[in-house]
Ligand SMILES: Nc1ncnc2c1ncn2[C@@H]1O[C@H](COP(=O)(O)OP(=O)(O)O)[C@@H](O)[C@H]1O
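Listed next as structure tokens is one chain, alone, in the form predicted on its own.
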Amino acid sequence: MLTTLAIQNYRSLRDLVLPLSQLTVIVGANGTGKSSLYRALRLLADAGRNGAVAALAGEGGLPSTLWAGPETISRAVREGRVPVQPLRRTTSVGLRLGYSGDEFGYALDFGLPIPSETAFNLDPEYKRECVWHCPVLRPSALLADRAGTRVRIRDESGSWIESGHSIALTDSMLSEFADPRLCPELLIVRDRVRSWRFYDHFRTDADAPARQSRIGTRTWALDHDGGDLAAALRTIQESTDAEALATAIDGAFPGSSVEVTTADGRFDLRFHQHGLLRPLSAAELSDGTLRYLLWAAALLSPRPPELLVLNEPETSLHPDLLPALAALITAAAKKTQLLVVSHSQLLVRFLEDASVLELEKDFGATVVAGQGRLDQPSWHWPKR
């Protein structure tokens, strides 16, 4: 299980260290950094697929994602005696992301390249990348260490060995050196990061993928756009979670049930609603009903990931559906670790055994409400 998430210099997340539990819920007013936290975690997962550089480019490049406030906020500024001064950097540019858990920790440090004769001077580079054993980074716990193009790996005797060849500054060592012979721990960390699943706002408009009929295959994990909803529900119905799915639907829509029909390999959804003489197709379902079925398919996956991240799952759902959604989330948290970003205090009240972290702004920077320096988990960033 992940126990700590650390983010530095990403948008409003100037220096954030969060404790994570089996079910962590992130709440806060608009503009406090909840979406930035969600995107930072996705960016960390992209590193495991060697896609973090492209993901940063999609956000406008590294300069567009960096913390835009001052490096330090003086006491005079906090007391309102002087205005906030223009940004003047005295340290190198760096966007840092990392996590630690029961077994391993991982951290990366992105920076800008040294200007040269190339059209790609804004491509972020990996300045430092580390994997270590135990919750807190310390030199003796390091298992793999990357500085610039060099990667060194600790062998079974505890001695450092060089990887033998250099690595491109825009590539992650998770993708380039995840070798079970050289460093099996790198392979474990990479596969765990790649297993993380993220679900954002599902489309429910008339042309939404979830409303379309399509060829179905066994679907152990719902796709991010929900286009394989019918196949995912059918897979659940043929698994040991069939009863849980039926209970989740009946709890939200008493007397209702879901049927998945097949013809020539195409899967279609049929929703039997109490009081109607015929079932409704996916195209006929209300936005809220379809969205709830999508969340049911995502949360009842027969093969849960290491970490499941949900962004505002209450969107477009009637308050009457929130107890049923909360029951789904609570049940899923018994099989996998969940992080939920939510605007709904009502949903949070229904969640059992959840650790709730409220974000707020302090001079433009996102902080955890009530968290002092001694309250946050211990965390050390690798130095360049």
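Numbering starts at 1 and runs along the sequence shown. This is a predicted model, so every value here is computed, not measured.
Below, we turn to the form predicted in complex with the ligand, even though it does not appear here.
The single contact residue among N50, T330, S35, T336, judged by any heavy atom lying within 4.5 Å of the ligand in the model of the complex, is S35.
The stretch among 322-330, 348-356, 42-50, 26-34 whose residues place heavy atoms within 4.5 Å of the ligand in the model of the complex is 26-34.
At a distance threshold of 4.5 angstroms between non-hydrogen atoms, A68 is in contact with the ligand in the model of the complex.
S12 belongs to the set of residues with a heavy atom inside 4.5 Å of the ligand in the model of the complex.
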